[in-house]
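Given as C-alpha cells, the chain that follows is alone and in the form predicted alone.
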Amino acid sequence: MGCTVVVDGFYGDTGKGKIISYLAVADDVAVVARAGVGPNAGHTVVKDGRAYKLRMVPCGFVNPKALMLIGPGVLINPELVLKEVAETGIEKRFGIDPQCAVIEPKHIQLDQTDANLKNTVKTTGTGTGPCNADRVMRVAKMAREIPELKKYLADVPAIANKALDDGRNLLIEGTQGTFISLYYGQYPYVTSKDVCAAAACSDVGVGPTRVTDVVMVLKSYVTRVGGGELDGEISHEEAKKRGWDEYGTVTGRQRRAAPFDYNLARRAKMINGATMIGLTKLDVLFPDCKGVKEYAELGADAKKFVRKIEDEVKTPVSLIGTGPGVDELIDRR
C-alpha cells in the first residue's frame, strides 16, 4: 500500500468515511493522517453497529493499532477534538500538529452572521472560512497555544514520513469534495481552501513522490449541500422516491441530488490523478446488491453500471460499497 490518499470526486458526501475505515483495517495501516479544511466536513463511520459522526478525528480510528493524526494544514475546534477523542477512546494514539490553526468563537459567529457566507455561499457555519482568513493574515491562534491540547501535540510530517521510511502504510484522509475546492469548484460556492489530492499531501507534510495510490471516492449518484449549480438536479420529492434522501452530517440540511455525473468524474480523475475509484452506495441504486462482498454476485444491471464508469473515466472501480457497514464492501484490487 505505501501511501494512499483518499479524496472525494464530487461535492463531498460521497461516503469517504466508509472507504477510509475499510482501508485502515484491510491494509493494516500504521498511521492515518487527516487532511482538509476542518470541522466543516463530517464523516460517518459504522463500527460494531454504532454510527460515529466525526468532524475532527480520522475515520481510521476503527483500526485499534493505528495512530491517528491531524495534519498542520487542518483547522481545529479544540472543544470538538477533545469530545471526539474521548468518544472514540483514542487518547493514547492521537496527535495534533502544533501548526494547526484554531477556530475561535469569533470565527463561528462571523460565519453564521455574515450575509455573503450565510445567505449566498451557504456555508456550514462552523467558522472555517473566517479562521482560514485569519491564518492568511497571520493572526490566527495555533494549536501549540492551547493548554488543553499540549499533551496531544506531535510533529505530524515527521511521523508520517517516518512510517513510510520504515515500510509501514500511511493513509491520508481527504475531506470535502473536488468540486467545492476553492480552486476547482464553482466559485464562490466553494470551501475556503483546496481539498484535492495534492493539497491533502501538503496538509499532512508528505511529498507527492511518496504517494502510491489516489483513491477517488464517488457515490452512485451525486449530492450537494449549499449553493451552486448541480447538473441534472431532481426535486426533494423525487429524491425521496429513489431513496436518495440524505441529510448533511454537519448541518443537518437536506442534500440536493442528481444522477451520477460522468463529466464530473472524468474531470475529478484528471485533477486528482486518481489511480482507482471507490464507488459507494451501489446498494441504494440496486437494492439487490445489499451486503454483497463478491463482484461475481452483483446483478447484471449493477455490473453494467460499474463497467460504464470504468469505460467513461478510464479508471478501475476497485472498491465497491454495498451497505453502510465497514465490511459491506467488494475489494477488487
Ligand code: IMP
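Since the structure is predicted, the reported quantities are computational estimates derived from the model, not experimental observations. When you see a residue number, it is the position in the sequence shown, counting from 1.
A second form of this protein, the form predicted together with the named molecule, is not displayed here; the remarks below concern that form.
Contact residue in the predicted bound form, from G185, P78, G125, G205 (heavy atom within 4.5 Å of the named molecule): Only one listed residue qualifies here, and that residue is G125.
Contact residue in the predicted bound form, chosen from V156, V222, I180, A200 - any heavy atom within 4.5 Å of the named molecule: The option sitting close enough to the partner is I180.
Close approach of V190 to the named molecule in the predicted bound form, 4.5 Å, heavy atom: Taking the distances in the predicted bound form, the answer for V190 is yes, it comes within 4.5 Å of the named molecule.
Contact of V121 with the named molecule in the predicted bound form (heavy atom, 4.5 Å): Yes - in the predicted bound form, heavy atoms of V121 and the named molecule come within 4.5 Å of each other.
Any non-hydrogen atom of G226 within 4.5 angstroms of the named molecule in the predicted bound form: Answer yes; at least one heavy atom of G226 falls within 4.5 Å of the named molecule in the predicted bound form.
Partner contact for N40 in the predicted bound form: the named molecule, 4.5 angstroms, heavy atom: Yes, N40 lies within 4.5 Å of the named molecule in the predicted bound form.
The named molecule in the predicted bound form: contacted by all of S21, K293 and E328, heavy atom 4.5 Å: Checking in the predicted bound form: none of S21, K293 and E328 is within 4.5 Å of the named molecule.
Stretch in contact in the predicted bound form with the named molecule, which is absent here, among 190-198, 235-243, 210-218, 96-104 (heavy atoms within 4.5 Å): That would be stretch 190-198.
Within 4.5 Å of the named molecule in the predicted bound form: residues from 9-32 (heavy atom criterion): Heavy-atom contacts within 4.5 Å come from Y11, G12, D13.
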